[in-house]
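As a starting point, one isolated chain is supplied in structure tokens, in the form predicted on its own.
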Amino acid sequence: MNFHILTLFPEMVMRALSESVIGRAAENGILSVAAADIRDYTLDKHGKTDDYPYGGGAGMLMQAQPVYDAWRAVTDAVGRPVRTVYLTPQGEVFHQAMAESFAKEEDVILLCGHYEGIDERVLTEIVTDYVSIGDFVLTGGELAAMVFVDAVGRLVPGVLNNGMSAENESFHGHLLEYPQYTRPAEWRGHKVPGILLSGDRRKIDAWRVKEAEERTKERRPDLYRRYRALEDCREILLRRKLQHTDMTELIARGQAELICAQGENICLKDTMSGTCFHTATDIENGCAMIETVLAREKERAGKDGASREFLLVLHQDFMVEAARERFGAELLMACYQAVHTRREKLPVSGLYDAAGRREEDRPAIRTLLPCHLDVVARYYRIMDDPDENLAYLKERIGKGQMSGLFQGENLAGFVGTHIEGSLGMLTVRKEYRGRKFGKALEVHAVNQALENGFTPYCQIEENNMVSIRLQQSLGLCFSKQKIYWMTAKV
């Protein structure tokens, strides 16, 4: 990812961002930070970039021309439109979900204002997002830009050493982080809670959830209200667990935004992919929720004037035709949901059919690296557009969410976790089939999900009998009703 900062004080931002985690990531080529001095683009011989505001008033305004020319130099160098953020108290308040959204971009331009602001005409011309880091005023946008780069940059795959550390932290799932302790076990008369020394993972996890709830309730009641609303939805969805595991896992993973909730009529949006998950008791309630989703998506589309498609996952048969007729939605696939309902890992013995082979010749499962992207993209396609397909697989591999089975140095097959949490992408190359490699990969994916505290589940197209039989052989339980993936335009 590349951050381009337009500023009057380039040394200020570059000095700060060359340190610590972001600095190391830049040194390792995982991301880049560049600062362009707006003064370099002024036409004034004295390097002046500001002037008095028309209509009078206190202070000075940054002129449109040098800001525009600095922005144009960056976009010309990149060679395509770039999402441009103006850091201003008038913008939408920055939050974690916004950081996650920006972390998916290849390039972001950050415009730092100064004095009393910037000529409105250039803002209208170049800015795509107005962002505030809080309801207070700074002398300039540089500090805000540094906060933005740090919050977004740490989410870029490879920046943090532990891939899970960006997920299990403050604001994940609308909960503040639980209290944490390190050695010594007693300091100035304060002891580490005994349960953390017990080694009982289940009790430790329960303690951490309880402490996070109490801390959030006390310190951030606004966050706690959102957390409770989602927990209430989860309790309702669990009444039909197999049918709604995709929705309860969104909540468990902390990536669910509540769109609608009225009794058993619930609509959630995946903050990572933008997909909306919908369950309804009847057609009228179901259509009312889709109308709400469409209104929200139209409002978003209106900001940049572009129409867009969004994905809608329906959990009732009767909603499919209604979504077609009333909203012009199109069916992408109908699938069954298969869930590993036990908390125990699956056995791995007897897989690979590796009897009699030397140790170095035996198959091994490892996390895939960016160097494996081209091979994976050659054998797996989830999107019709090759560039979009490649970008999706790159993101999944970059997040450490794909594993491969290697025969020596050859990638024989692979499996992964989709962005919304389902297991999938299971592929075994033709020349390696018949050796239980697919089963080995599936077992690995299930056990890995359990290790991370998630419920393993997958969604299988209704006619994919090979995959259905595989899930049955592993003891996964199937939903009675199908799940329907649809697309709609706004």
Ligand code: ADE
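Numbers for residues come from their place in the sequence shown, where the first is 1. Here the structure is a predicted model, which is why all the values come from computation and not from measurement.
Not pictured, yet referred to below: the form predicted in complex with the named molecule.
* Segment that reaches the named molecule in the predicted complex - one of 85-93, 341-349, 202-210, 150-158, heavy atoms within 4.5 Å -> Answer to the contact question: 85-93.
* **Distance check, Thr75 to the named molecule in the predicted complex, heavy atom within 4.5 Å** => Residue-level check for Thr75: no, no contact with the named molecule.
* Would Gly140 show up as a contact with the named molecule in the predicted complex if we use heavy atoms at 4.5 Å? -> Output for Gly140 is yes: heavy atoms within 4.5 Å of the named molecule.
* Asked: Within a 4.5 Å heavy atom cut-off, is Thr275 in contact with the named molecule in the predicted complex?
  -> No - in the predicted complex, heavy atoms of Thr275 and the named molecule never come within 4.5 Å of each other.
* To do: Decide whether Leu176 counts as a contact residue for the named molecule in the predicted complex under a heavy atom distance cut-off of 4.5 Å.
  => Looking in the predicted complex, residue contacts with the named molecule do not include Leu176, since no heavy atom lies within 4.5 Å.
* To do: Answer with one of Met402, Ala144, Ile109, Leu312: the residue that has a non-hydrogen atom within 4.5 Å of the named molecule in the predicted complex.
  => So the residue touching the named molecule in the predicted complex, by this definition, is Ala144.
* Would you mind picking the one in Val131, Ala412, Ile290, Leu393 that has a heavy atom within 4.5 Å of the named molecule in the predicted complex? => The residue in contact is Val131.
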